[in-house]
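A single chain, nothing else alongside it, follows as structure tokens in the form predicted on its own.
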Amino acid sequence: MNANLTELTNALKQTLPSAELEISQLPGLPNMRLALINSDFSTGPLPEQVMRNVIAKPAYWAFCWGSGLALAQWLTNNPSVLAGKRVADIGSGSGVVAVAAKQAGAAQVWACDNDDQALLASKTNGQLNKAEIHLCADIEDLPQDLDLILMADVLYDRSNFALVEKIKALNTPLLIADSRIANIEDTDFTLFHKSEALTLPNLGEFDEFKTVRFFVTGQPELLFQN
């Protein structure tokens, strides 16, 4: 086990002492593996102290959330969207989208997350897949000349719409994939694609969240121009 994977495992155990990391293959992404929480982790009630740990440090990065998986699959199937471009993944979590972007031909990729453990997960999963990922803790530290910004599974919290507005102010095309919302009440966004995916490992996610909707600012057809 490499040093980063060991550190990441220790971080997970700080929140969930009985959990382990497994190197998992992802559906629709034959060239990607991620270090994720063990698929047989108990879905039963957690001890009180463990619940407090989850609230304090939820370790959401130990899952490949459904919208992130769907976006990674879409990027893999549409490499022209990324060819030679400088891309950022905001709220990177496990790093699945950042890794997929690099594998699909992006020239440079930044994984941006305000959780230090999520950045470690993105770094570790980048290394597992031999994908060079740059790390960033704040969108204000991103390069000014990005070609595309990606977000997946971020709008579960309505307060994060303020983050969307902040990112839009960067004047860079923004692509959002999310299963928790049916629409974005902002005329700058166009719904251009739907797909289905569930979080991995699936520890009881409701099917109502399996439909992932893709929104983009500007004109969707421009995404497919080289």
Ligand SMILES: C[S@@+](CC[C@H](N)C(=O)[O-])C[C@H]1O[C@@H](n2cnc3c(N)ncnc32)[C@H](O)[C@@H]1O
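Position 1 is the first residue in the sequence shown; the rest follow in order. Worth saying up front: this structure is predicted, and the values here are computed from it rather than measured.
The same protein also exists as the form predicted in complex with the named molecule; that form is not shown, yet it is the one meant from here on.
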| query | finding |
| --- | --- |
| Per-stretch contact check against the named molecule in the model of the complex, the hit in 99-107, 115-123, 76-84, 141-149 (non-hydrogen atom, 4.5 angstroms) | 115-123 |
| The named molecule contact in the model of the complex: residue 160, any heavy atom under 4.5 Å | yes |
| Heavy atom of residue 135 within 4.5 Å of the named molecule in the model of the complex | no |
| Close approach of residue 197 to the named molecule in the model of the complex, 4.5 Å, heavy atom | no |
| Partner proximity in the model of the complex: residue 131 to the named molecule, non-hydrogen atom cutoff 4.5 Å | no |
| Stretch 132-158: residues contacting the named molecule in the model of the complex, 4.5 Å heavy atom cut-off | 152, 153, 154, 156 |
